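Here's a solo chain for you in structure tokens, the form predicted alone.
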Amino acid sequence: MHIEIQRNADISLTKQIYHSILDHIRSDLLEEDLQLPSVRELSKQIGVSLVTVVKAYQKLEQEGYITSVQGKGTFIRKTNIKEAEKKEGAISYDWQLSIQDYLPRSQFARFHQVPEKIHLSSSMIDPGLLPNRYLEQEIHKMLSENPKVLSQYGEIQGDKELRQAMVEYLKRMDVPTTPDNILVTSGSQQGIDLVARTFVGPGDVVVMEAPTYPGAIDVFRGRGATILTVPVDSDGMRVDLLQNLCDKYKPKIIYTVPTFHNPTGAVMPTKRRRQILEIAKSTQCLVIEDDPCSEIYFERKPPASMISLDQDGHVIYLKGLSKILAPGCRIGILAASGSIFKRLLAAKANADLGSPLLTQKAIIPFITSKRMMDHLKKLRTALKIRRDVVLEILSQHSPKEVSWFVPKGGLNVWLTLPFWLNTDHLLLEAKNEQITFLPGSTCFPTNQENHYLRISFSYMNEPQLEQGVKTICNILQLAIDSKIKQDSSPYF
């Protein structure tokens, strides 16, 4: 178990240890009943005092994440030690803790594919809304006309024909670029990873929104970055606070989701986008503009992309096609310029020598046809209906103490609960009802906030959404009623 300590950070050492172990637990990197290092061992390993580690362990135990057993040690969520001891022939993997890893967290992956019946935790799109049949026909046609595609490597930068097609596609979205400045990736997640492994090392400062996309947090934390956060309001990242952070810490990267922000759904206006670019220019840092679904708007098109406003090569633009077109193809686009692009291309070569040629060729006919625009129009209509179902159920059944942001596009609704409610605990109750949602704690890079949750309305159909959201509202109401009853009880 690797714990990265940043002694110059504003967060106390105790909190850093607490958050690091909690991230490991929530990411399932530490299994149930696994024994943690002793207080003395851990304090020696990371170079802090015994008292610092004791305080961190005490907080984790108070919140029910670990259990200390006199004479035996400290265990992850220990539930029944005696029963575990009775198991004959049980294999212990505790020795594996001696093998050092460098994974601080991997929380988002565990919400991507789940066994629960009503899946509201991951912003995937219902396969029934995607052009599966057409793509299947195109793959058969392509293989019959050019069977050698299976025995050929594609260009590391990506298939040239696809890159040209993406230039035309992105032009309709006010994203100016050229085939030479496009890199085809295995989804936008790989794009984030390529930027991180190329430009971020231990101690480098990365500024992120709070909350933000959990997959990006996992990547930057894995690089040992010092992550600083800027709160999000209805217009996205707060520029006034960003300016103060950048003046003081000189970040390497600013990561933002300006259009239909994940998880809140906020849309950043053009003025604020320009302000962020000015800050990046003055501090000589990069801006990652992550654009997962700007095509999914319900009222009007969002503002022009940040990269379209960039005159100095500060923006690295990421666009994923997996969600809106073909998750099985895992195609994403990275656009950048100058030596930044050349270095990212080298990183792509080191990572996998290029994305699969078959899947790149498969989507070209669709992207270049009128079918793509028709598909997006139908997708917007279908997802708006599903969003409205969720908003209606929330209006009718959620407790009055719960509020939410109304998204004008995208795939998610972000809920704010009373500060004393912990959505990690509520998730366990939801799972008992065969329902999942994304707890807010996964979306905060540093000081984890537990009283938020994200509902994705893009994967389930309307009856499933109605059932799932009603059940979540009931769980919230029961938790709030229990708290009110407890607070009103007289002391004896």
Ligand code: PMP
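Start at 1 with the first residue shown and count on from there. Bear in mind the structure is a predicted one, so any value in this text is a computation, not a measurement.
What comes next is about the form predicted together with the ligand, which does not appear here.
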- Query: With the partner removed from view, which of 243-251, 303-311, 317-325, 218-226 is the stretch that lies within 4.5 Å of the ligand in the model of the complex, judged by heavy atom distances?
  - Reply: 317-325
- Message: How about Pro292 - does it come within 4.5 Å of the ligand in the model of the complex, if we only consider non-hydrogen atoms?
- Response: yes
- Message: Using a 4.5 angstroms cut-off on non-hydrogen atoms, would Arg163 count as touching the ligand in the model of the complex?
- Response: no
- Item | Exercise: Gly236 in contact with the ligand in the model of the complex, heavy atom 4.5 Å | no
- Message: Is Gln189 part of the interface with the ligand in the model of the complex - any heavy atom within 4.5 Å?
- Response: yes
- Which one, Lys384, Arg330, Arg272, His397, lies within 4.5 Å of the ligand in the model of the complex by heavy atoms? Arg330
- Item | Listed residue that, although the ligand is not shown, lies within 4.5 Å of it in the model of the complex (heavy atoms), from Ala335, Val257, Leu194, Ile276 | Val257
- Residues in 211-228 that come within 4.5 Å of the ligand in the model of the complex by at least one heavy atom, in order, are Tyr213
